[in-house]
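Below you'll find only one chain, the form predicted on its own, shown as structure tokens.
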């Protein structure tokens, strides 16, 4: 299995854009009001920093995945202990993304269809692409679907122009201040930092040195898209109303009406979002399956797919309602983000760099 730098760019873009634009704009607006766009800029800078660290760790051992080089850097037992929270995170978030997808499709399209049916259809598609083509097929889907996601965003921007009210962006900073802007940035930052997943992907690149440019550009492009979407939500609904929507960008789309001719385009946007979330879910599913095989030393990694599939489906059934998934999102922001996506990568980068420098000096002597 191989992926190019171009494919990595689109995978990172798709990974960071769709779910962040759907779920994190409301918390940002609720905290920072009309200055939520400043929160998105802060979140983007945090996301770029975590992505930079993730690539630097991977380039210390470019031919190994995160599972392998964590044990190389920290030793077998300590490395395995560090991997446990990361591994649990990947399994849990795969199941919860599946549930969030089902909830959104249920609300937007199929309100009379059982949630578990929607989940099984998506999970079957993910299992198929992972078991047949693995990362190669996911990468090819990413380079096809990524541009389509950008076209969908441009469509929203162009068709909502007549509903923009620029005064809703003012005053800038005066009503919020630094603390609400920082607080509003944490949710989107924790989602953008999911680009940490590249620690499992760079080992499949024939030219790993291209990973830095592809990853950083992917995060930057996704951040710019989220920034535009946030501004449009504020321009259309204002900060007080938009902060209370569960899916504010979906509300903008349902609001679009051009000359009473172009209406009901929400179905198109939902379909674009579904194919985007398919890529994200497939990536998490592949990383979890491949990581399981390496951690448990399976001779053939695809056998782990049949172990992971029922676990992921079971996790997707656990939330009783949307409030439960929101509670997990709070746990993700307050615990998983600082520990798994910031603390552990920084620790590995520091220890790995020191050990590599020590080995280089020893060989020189």
Partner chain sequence: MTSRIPRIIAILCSASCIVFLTGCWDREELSDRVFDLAASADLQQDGTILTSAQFFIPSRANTTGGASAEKPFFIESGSGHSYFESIQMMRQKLSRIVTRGHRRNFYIGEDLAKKGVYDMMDAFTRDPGNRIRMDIWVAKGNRGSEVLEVPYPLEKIPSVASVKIHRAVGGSTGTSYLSFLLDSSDEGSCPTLPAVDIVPGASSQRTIRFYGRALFNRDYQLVGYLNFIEASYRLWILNGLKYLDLAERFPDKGGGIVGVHLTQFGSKVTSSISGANKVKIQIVLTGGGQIGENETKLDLSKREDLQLVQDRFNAKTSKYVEDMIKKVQKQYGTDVLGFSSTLNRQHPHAWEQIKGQWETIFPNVEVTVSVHLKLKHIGLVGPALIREK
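Residue numbers count along the first chain shown, from 1. Please read all numbers here as calculations on a predicted model, not as lab measurements.
FYI, the form predicted together with the partner chain isn't displayed, but the following is about it.
**Q** Quick one: of 140, 168, 183, 210, which gets a non-hydrogen atom within 4.5 angstroms of the partner chain in the predicted bound form?
**A** Only one option qualifies, and that one is 168.
**Q** Ok, 241, 272, 295, 155: which has a heavy atom sitting within 4.5 Å of the partner chain in the predicted bound form?
**A** The option sitting close enough to the partner is 241.
**Q** Please determine whether residue 245 contacts the partner chain in the predicted bound form, using a 4.5 Å cut-off between heavy atoms.
**A** Yes, residue 245 is a contact residue.
**Q** Since only the chain is shown here, I'm wondering whether residue 255 would be in contact with the partner chain in the predicted bound form (any heavy atom pair within 4.5 Å).
**A** Residue 255 belongs to the contact set for the partner chain.
**Q** With the cut-off set at 4.5 Å between non-hydrogen atoms, does residue 71 touch the partner chain in the predicted bound form?
**A** Close contact is absent here: in the predicted bound form, residue 71 is far from the partner chain, nothing within 4.5 Å, heavy atoms only.
**Q** Can you tell me whether residue 162 touches the partner chain? I mean in the predicted bound form, with a 4.5 angstroms heavy atom cut-off.
**A** So residue 162 counts as contacting the partner chain.
**Q** Among 210-218, 144-152, 184-192, 124-132, which stretch has residues whose heavy atoms lie within 4.5 Å of the partner chain in the predicted bound form?
**A** Selected range: 124-132.
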